[in-house]
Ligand code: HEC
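The chain that follows stands alone, in the form predicted on its own, written as structure tokens.
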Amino acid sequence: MKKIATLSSFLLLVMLFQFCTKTDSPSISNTTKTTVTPVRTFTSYNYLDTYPAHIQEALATSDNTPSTNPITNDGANLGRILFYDKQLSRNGTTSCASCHQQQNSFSDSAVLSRGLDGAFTTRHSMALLNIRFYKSGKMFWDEKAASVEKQALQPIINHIEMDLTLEQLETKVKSLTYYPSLFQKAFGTSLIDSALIARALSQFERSIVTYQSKYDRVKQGLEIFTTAEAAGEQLFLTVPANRTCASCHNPPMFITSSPSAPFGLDDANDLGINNRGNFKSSSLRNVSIRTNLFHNGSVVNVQEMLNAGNPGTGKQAIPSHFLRTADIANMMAFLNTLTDRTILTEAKFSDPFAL
């Protein structure tokens, strides 16, 4: 009997120990822990620059910014991110910046740009400098888009360049966690649609303005032209008398949407504006450091353009775009003063995904 009592007591103690152990030990959850990926953030910049007086005067008469889409810091910041985001293409390899590269004055150093599958674009990438000063607002070499807002989405839906439908574009942007808050800041809504995407891209593109060249410093009285530069400016403004360079490239932004006569460049493969052989006149800012000029990239650089048609060059002159040999050095000296290298590296125009 003692043995039985002793055994019973032992079993009772074991049971009590197990019970206490279970109740006193912390509970263990079977729930799997989830990892929260932080939303990507981007540095914000100021896009509301105070331009020098000569730039402000041009802006007052030539600005194509609509009242419905003024440039704001939040809008342009969003536009910059969209401009560089390769997710806005079908296979995630191509962005607006793939063809409009900051280091190349928002153009491309190649004659034609490569699209997302390696195919070439049909025209040379136009530099996106000072497009805000093209008064008519018409974009592309053939002016097929009525405004910057209409232009902004065209590369995205182009089958060679980025190849998305607008519905696919909206779905992609909505799926990226960093966009809702950016749209909220820019437009006061987390709604994301193609119209707001176009507005943001347009704000960024219009903010790309060159005003920090030697030419600008001279016009502000901070520097003076050399003898050659001053002579080149006079050539630009006065030669030839019936149709000067300034007729189509109006200072100080060296751009106008209303040239004195339409410009024609013979091209059997491209008839340009209204199929008449005319093409949009772009800003000459940074022209001396750009290559493969005109809609088809057929002119290597501005020096060759000015030389063509002179004895010994063996190249046909481009109408209204050549000078006699004695004047070329002075013209080049002046055109070099239009170079603004700040725009090529400035952080607020740079790739936000490269940081």
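In case it trips you up, residue 1 is the first one in the sequence shown, and so on. Only a predicted model underlies this, so the values are computations on that prediction, with no experimental measurement involved.
This next part talks about the form predicted together with the named molecule, which is not shown.
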Look at the candidate spot formed by I81, K185 and I208 and say whether the named molecule comes within 4.5 Å of a heavy atom in all three of them in the model of the complex.
no
Of the residues K174, R217, K144, R276, which one places a heavy atom within 4.5 Å of the named molecule in the model of the complex?
K144
Residue within 4.5 Å of the named molecule in the model of the complex by heavy atom, from S105, Q203, N250, Q151, is Q151
Is F236 close to the named molecule in the model of the complex, meaning a heavy atom pair under 4.5 Å apart or at it?
yes
So in the model of the complex, does any heavy atom of S320 sit within 4.5 Å of the named molecule?
yes
Interface membership of G75, the named molecule in the model of the complex, 4.5 Å heavy atom rule
no
Using heavy atoms and a 4.5 Å limit, would one call F294 a contact residue for the named molecule in the model of the complex?
yes
The named molecule in the model of the complex: contacting segment from 125 to 133, 222 to 230, 67 to 75, 175 to 183, heavy atom within 4.5 Å
125 to 133
Hey, which residues along 277 to 301 are within 4.5 angstroms of the named molecule in the model of the complex, non-hydrogen atoms only?
F279, K280, S281, S282, L284, V287, R290, L293, F294, H295
